[in-house]
Structure formats: structure tokens, C-alpha cells
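Two versions of one and the same chain are coming, encoded as C-alpha cells; call them structure 1 and structure 2.
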Structure 1
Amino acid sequence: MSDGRKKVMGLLGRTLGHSYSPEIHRYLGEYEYRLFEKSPDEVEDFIKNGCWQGLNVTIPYKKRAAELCDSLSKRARLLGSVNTLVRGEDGGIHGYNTDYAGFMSMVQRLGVGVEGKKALVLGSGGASVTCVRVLKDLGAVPVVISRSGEDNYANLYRHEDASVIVNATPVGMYPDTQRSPVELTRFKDCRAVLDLIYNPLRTRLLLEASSLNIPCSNGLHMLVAQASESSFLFTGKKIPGDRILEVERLIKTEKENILLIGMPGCGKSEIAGRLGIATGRRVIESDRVVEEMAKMPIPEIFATAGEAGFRELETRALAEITKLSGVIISTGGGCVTREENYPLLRSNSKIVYLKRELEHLSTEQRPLSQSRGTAALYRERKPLYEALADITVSNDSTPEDAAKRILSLISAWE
């Protein structure tokens, strides 16, 4: 713009509260980037007359955007799906598909060859069309699974011989994070799983893939890679490959929670508070959320509902807390005793096991520590903490020191 003001770019979609695009573009270019939530009947007028110079387009408007463009790039025309719009100097709207480059980069970065392999692509929308084109160009044999048609979810498992599974649906995406589009154990020959979802960072599908030692990837790399292509179209400035990887790392670090596990009395609450001060992040204690839900303190919950009642409330609390991004979470010491909590703890968090010598563990206001003894609880829970932890830190000095070591280890994680 000749007056020196920043150009206005943005993301067009229907529901965008989960989007990471503004943060990504903040790292990629010197332009204003907004979220434009529009209903279907508002899309045409906004694309034609809205105040924007460049747009990314997300579900469910990619095919509609293609129809409204004055011109399409060769790839966008081939795919019939547009996710990037640029308004030309003459006011014309030019459509591009940068998802192709993003998904191509995602597959290549995973490092699993797909040539000659059957690849199930779940979903039949604009993102699916792009994934199918990339897979074909890499020599794979894609099969699209949709709600209806020859290949659908009712007969999905006749394709149990698939080697690659791509989730191009919103199933498992924030806020409905506890769903998975398939039972991965049914696919005995699966060698790669790619989930286009990036919030949460680890969907149920990806957690299952990891548990089966199947190479897998979320959609964050694709999102950043396609955003870099979009940024180039917006500004004419090419983003180098190492910058793409750096932005991906920065976004992951910003959005991933720091979640503390460990014995009752090991100092999780105090150290969570120190981490919150050091990072500026919100701090959430799962025990306090449980008390708010029950409208009574924890000792009273144990007295009236028993441990089973408390654990049920704790799981419900964790299901909500762990959907959040970029927060500090201090958990109750016994949350690791319920296997159904594991995917909740892992979905969006770096898990830190906070250790402390038994003689230094406080039992005040801790019903199980008082009734069963800390040594018995420790013997039961220690292997569970160790199995879940990404990082282990001893709280054997000061809370400030433990917080500093946690942040240091997290920053060196990649």
C-alpha cells in the first residue's frame, strides 16, 4: 500500500477460535493478520467486497472460494479447491492452493515412502482433494473414505490392508478432542499416520499410532509450510526452509501445555506458580477445578463419595483442562492411577514428573496419604509417573531452581 500502512491479511472460515494462523503469520511477515468468521451466506459478499488484500481460507469454504475467483492458478484449477486468495492491483481475486505444498512437505518430513502403497484418505472435502493429489504424485494409491459412496465408513475396514492413513476430517479436533475416526489396531499393515489436525497436538488417532510405534505427524508442519507459501504470495518474499522449521518449533512451544505430575506434597502447586510467573502463562490446578465442580473441598469429597467418586470428577476436570493450549497444569498425585486419563494428559502437554524425597512430602489435607501412607502410594505410583513423563526433575533445592530446570529442559527438548 502506497501510504505505508500494513496490508490486511487474514483467515476466512466459519469457526476459527482454535486457529494458530495469526501467531504463525506474525513470525512470517510484516502485515496485519485477522480472523474473519463468516456464515455461509456472508462468504460471497466478504470475498468480493471485504477489506482484505490476502486471505487464507479454511473449512468449509475452500471449494466455494474457488468458484468466486476471477482467476485460478494451474494447481487450484486442477484441484477445484482454493485456500489462498490474493487481491490484485486491478481488484481481481486470484486463487491459489498452498495446501498442496504444505501436505507434500508434511509427507516428506515424516520420511516414510508411500510409493505403491494404499493410502486411506478420511474425508472428501477440499483438504482431502489436495491430499489425494499429493499422494498420487508421490506414487501412492489413495482411497477416499466419505460418508456415502462406494467407500464409506460403514465398509471402511475392507481396506484393512492400507499402509497409510490420512485424517482430512475434523474428527478429534478441538474442542471435541476425545474422538478418533478409525480403530487403528484394525490396520495391521499401517506404516504411517498423518492427521491434518494440529489442535490438539496429539489427537486420539496420533496417540494410538505412537502406542503402536507407527510413524505419525500432526498437521502443524503442514499449516506452517502452507502459510509460508501464502506469505510469499501475499508479499513476494520467499520464506527459507529453516525458517519454516523454526516457526513450527516456536508455535509448538507456545501452544504446548506444561503439565506437572508427582506425589502429593512434592511441590507441584508452588512450582506451577513459579512457572506461571516466569512464562506469563495461566496456571490451573486440577484439584481446585474438582472442588469447584463438586462445590466442596477434597477431604469432604472423599468422605461423601469415596476415592472412586473423586477419581470420576478428576477425569471430568482433566478432560476440560487438557483441551487448553499454552497453560501450566498442576495435577493431583493420583491422576496417573486411571488409564483413561493418559490420553488426556498427553494430548496437548509436555509432562514433567516432579520428584521429591519421601520424608519431605506433606500429608496435610491429603486423605490417601494419611490413610494409606506415602511409602505405599509411592511404590504404586512411581512406575506410572516414570512411564508418562517426558521430563523428570527433582525438587530437592528451591522451587525457583526446579522451575528454572524445567524450562531449561523443555527448551532443549527438540
Structure 2
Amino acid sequence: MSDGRKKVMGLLGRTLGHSYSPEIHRYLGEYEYRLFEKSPDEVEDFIKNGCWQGLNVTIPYKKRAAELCDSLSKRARLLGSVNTLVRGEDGGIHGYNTDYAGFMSMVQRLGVGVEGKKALVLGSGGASVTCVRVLKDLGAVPVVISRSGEDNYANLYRHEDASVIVNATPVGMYPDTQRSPVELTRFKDCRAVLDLIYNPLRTRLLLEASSLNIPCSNGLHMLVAQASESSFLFTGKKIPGDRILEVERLIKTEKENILLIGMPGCGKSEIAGRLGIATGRRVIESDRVVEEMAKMPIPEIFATAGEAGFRELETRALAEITKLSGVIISTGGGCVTREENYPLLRSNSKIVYLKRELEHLSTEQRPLSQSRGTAALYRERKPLYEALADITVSNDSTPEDAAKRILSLISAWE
């Protein structure tokens, strides 16, 4: 085996464009980590003869990888799928399943006891099998909901006494982020929601759980915890629990958008530009996206389609922009007046309310500030901005100062 082969780790899958694994492994270990996109007819040769020492395996190759291993860990054999391969010194390929450790850590971190509780596991794919095993090992009573199973979505609510709901389907995942697999309000005894999806950070299901004060978690912790178990198998170095939490926080901060809300003329565009320069992130102005969609400037949209027409376009623009990860978004001042925008704003973004004294607000090129009066708009919108904000920063001194404070509050966020 060559030295090059010894040092290369990576992820094997079909389509890997949106994978977070390279960033996660960059924080976990000092090895090269590459993405290996392979078609089904390339997989066998790659696993047997490719230049790698450690591999993570994702959809749709977890079962195929298990078949090609020279040995399987007890857990991988029991679950029938591997997500981690290690090439031994003798060239033998050894298969493991680290999703088990990842989901176990996700349940334990949420801190909600599941023993003796009915737990619905939505979906019957590879991740579902792992979740069911973990839940059984914790003493819960899992019920798998499958589109084609005896327990399915048509009779779902016969299980409305379930205490735990686990989403192990791709429903709600990027790019189709506006869907939810179940209506949570029907589950009156629900005490925990675990969604394996991590993009967006807050799916519709998780936003509904939060609004009902149900403890909930996305799949980012599971992703990092399973990666750290893989890293241990690759290198023999154990990753401490606090490092797993730190890496989860770093990835979340990198992936989460910074989204500015606030009155027209409060300085959102300028501060977004400064944040873009300071962080190297792309900056998107929702008003510019609306203008591109309408192929006309905003005052003309108001003149031809009225405020309602503009708001429709704005919601469509926000639905696309807010799906992105790791960007700076400057919104139009009135986006908070439509409730249907709230899940869009919250799904993948830290929301920053940029406050500015009324007398400092500019009304130039702002149709509503001119026609309705800034003071009336401010009275209507201030409580909406405050209710939506994760962070509030005043822009009454200098824009440099406001941008700096936003970044320092975000980096201190847990």
C-alpha cells in the first residue's frame, strides 16, 4: 500500500454536492478528506481498489458497501448497513455503522427520557432501521410509519398517543424545505421531536415543535457524532464529547445565514455589505431579487401591482433565498408583515433586528415610508421585528460598530 493511500479518507456516495462531511472532518482530524462521487457500476472497483484508507458511505451505497466488506462489526451486521469502511494493514476492508452512535448521542443530548414511551419513526430506510435499534436499546417502543406499511400516513393518527416523533424521511430537506411529514398538533402527548435532517437547520416539523414548546433537535448533532466515531475508527484517536459539541457549533455558525430585518432606511444594506466583507460571505438583497423577478424597480412594482402584488413576489423571493446556507441576507422592511414569511425567515437563519431611531431613518426611494409615514410603519412593525429577532443591534452610532457587534454576538451564541 502506498503512503498516499494510507492518508486519504473520504465520503463515497452518488451526489455529494451539499455534503457537510469535509468541513466536519477538517475539524476532527489531521487527514485529507475527499468527496468520491461514483455511479453504481463504479462502486465495487472503487471500494476494492480505490486509493483510500478510511471511507464514509452514504445513500445509496450503504448496503452494497456491507456486501463488499471482508469483515463487519457486530452492529453493522445487525443493522445490515455500513457507513464507515476502514482498510486494514493487510488490505482487508472492515465495515462499521457509526450512525447508531450518532443517533444515540442525539437522543441523549436532547435529554428527554424515552424508556417505556411510544416513539413513531417516520420512514423505513437505512436511517430508520438504526433509529429503531437505538430506541429499542433505550427501552422505548418504536412504531415505524411507512408509506407502504401497515402503519402508514392514512392511519397515522391512531398513534396520536406517541410521546416521541423521529423523522427519518427526507421530507422537509433542502431544496424542498416547505414540507412537513406530519401535523404535530394532532399528537397531544408528544414530548420530543427528533428530525434527522440538518439542512435546513430548522425544518417545518422542528419549527412547529418549537412553537408548541416541544423539546426538539435537528440532525446536525447526529452527523457530527457519527463523524467523530468514524474519525476514531480511521485514526485510533478518540474525540472528546466537548469537542463534538464545539464542532457542531462551528458548523452551525458556518452554515447558518445572517438575516437582517428592520425598518426601511435603518441601514440593512450597508451593514449587510460590511458583514459580507468581514466574513467573505455572499450578500443577497431580497429587494434586488424581487426586482429581478419582476424585471422592474420596486416603485414601479408598487405602481402596477400594489403592495399586495409586491408582497407576493417578496414571499416567492424569500422562499428561494432563505434556503441558502452561509450567506448574508438583507430583507425588505415589510417582510415581517406576512406570517407566511416567518418559517422562511427562521428556517436556516439567525435573525438580526437592526434598530434605528425614527429620526435617522431614510425615506428616499421607499414608497411605503413616503405614502404611509415612517412613524405609522414603525408603530405597526416594531413589535413584529422584536418578536422575530434572535439578536437586536442598534445602528445609531456607526455602521462599522453595528457590524462588529453583530459578529461578536453571533460568535458568542450557543
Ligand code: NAP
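Just so we're on the same page, rigid core means the largest C-alpha set that superposes within 1.5 Å between forms. Structure 1 provides the reference sequence; residues are numbered from 1 along it. Here the structure is a predicted model, which is why all the values come from computation and not from measurement.
Taken from the form predicted together with this ligand, structure 2 is distinct in origin from structure 1.
Once both forms are overlaid on the rigid core, the distance between the two CA positions of Ala389 between structure 1 and structure 2 is under 2 angstroms. Once the rigid core is overlaid between structure 1 and structure 2, Leu345 does not reach a Cα shift of 2 Å, moving by less than that. In a rigid-core overlay of the protein, Leu28 has its C-alpha displaced by under 2 Å between structure 1 and structure 2. Its Cα shifted by 2.7 Å, Ser39 is compared between structure 1 and structure 2 on a rigid core fit.
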